[in-house]
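Okay, so here's just one chain, in structure tokens, the form predicted alone.
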């Protein structure tokens, strides 16, 4: 792997305390160079790596902001992010990569808490109420959702608090109380109560409209997500006769975009909440050629192969850990003509490509995308095609 490029002064005064933007000590062109060299070192042996797709304005791109709340030793309410590898909250008023409107709302909530005598939750004493605040903004729609994550359903003066927040920020379109009483690293609990609005927002991506609820997975950088998805679908070379399997489909974003080009799309996802959102999103976009299954994608592929059904293209976007061997073996059994592998971790992607290329596929395209400027994360799209045996 390449050496880090020369340093420049970090733009954010919190960069050393926070640790979230690992590459902010480089200017943006050097960040892109570093990421490009990283992908080449990991995947270059499979195929030529195209130049990474960066952002014209690589700041304030996160349309999802989550802030932890706590008390200092002096009793001051603080909100911000946990310092890297610790449970200490770094106070944040504005972040260079977060949506400015979301940051302003979080600061307002922090300032309102003392006057309403609402305390942040303390995990050790198990006292207090507010654990986190989550703000999501539709990049295209401008709709804003605020989610209070409380340790119990007993939100003191919740009606008056919500009314005052809306008076100060009339741009907010919905407010939700999420209840998470568990000792867990998970941000959100299972129970929710809508305090204002519809309980969700909508946004447009690649010409399709998506419903975003508090627990929905939705890409946090919409500008780069459009470039990522268009790159993936250009690689897929979809035809009106193609049958497509969208593995790890989540709420169905890329599968729904693909359904406008393909003959039939099936999305497979193990998370039942995500599948319900995906079905709502398909109806919202008037699509009748896409279906969603709540199932393990690997098992579903084996079932298709055993029944003799044919799939032309598989779209896969696994978590950072990559795919496991049973999934990859199932993919080889199904043997689609083309596989488009989207990854947020080129290291595990390289590991999985070894299995797929040994199993009869060859890599014919590699395109890195900078989804998360100033961080070490890299998104990469790889096209694999089924190698035909020699005559």
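None of the values given here were measured: they were computed from a predicted structure. Positions refer to the first chain, counted from 1.
Same protein, other form: the form predicted in complex with S-adenosyl-L-homocysteine, not shown, and the subject of what follows.
A.B. asks: Heavy atoms within 4.5 Å of S-adenosyl-L-homocysteine in the model of the complex: which of the stretches 142 to 150, 217 to 225, 98 to 106, 122 to 130 has them?
C.D. replies: Of the options given, it is 217 to 225.
A.B. asks: Examine residue 253 and determine whether its closest non-hydrogen atom to S-adenosyl-L-homocysteine in the model of the complex is within 4.5 angstroms.
C.D. replies: Yes.
A.B. asks: Verify the contact flag for residue 242: yes if a non-hydrogen atom of it lies within 4.5 Å of a non-hydrogen atom of S-adenosyl-L-homocysteine in the model of the complex, no if not.
C.D. replies: Answer no; every heavy atom of residue 242 is more than 4.5 Å from S-adenosyl-L-homocysteine in the model of the complex.
A.B. asks: Should residue 248 be classed as touching S-adenosyl-L-homocysteine in the model of the complex when contacts are defined as heavy atoms within 4.5 Å?
C.D. replies: Yes.
A.B. asks: At the 4.5 Å heavy atom threshold, is residue 273 in contact with S-adenosyl-L-homocysteine in the model of the complex?
C.D. replies: Looking in the model of the complex, residue contacts with S-adenosyl-L-homocysteine do not include residue 273, since no heavy atom lies within 4.5 Å.
A.B. asks: So which of 113, 177, 238, 297 reaches within 4.5 angstroms of S-adenosyl-L-homocysteine in the model of the complex, heavy atom to heavy atom?
C.D. replies: In short, 297.
A.B. asks: Among the candidate residues 75, 319, 170, 286, which is the single one with a non-hydrogen atom no more than 4.5 Å from S-adenosyl-L-homocysteine in the model of the complex?
C.D. replies: When S-adenosyl-L-homocysteine is considered in the model of the complex, the option within 4.5 Å is 319.
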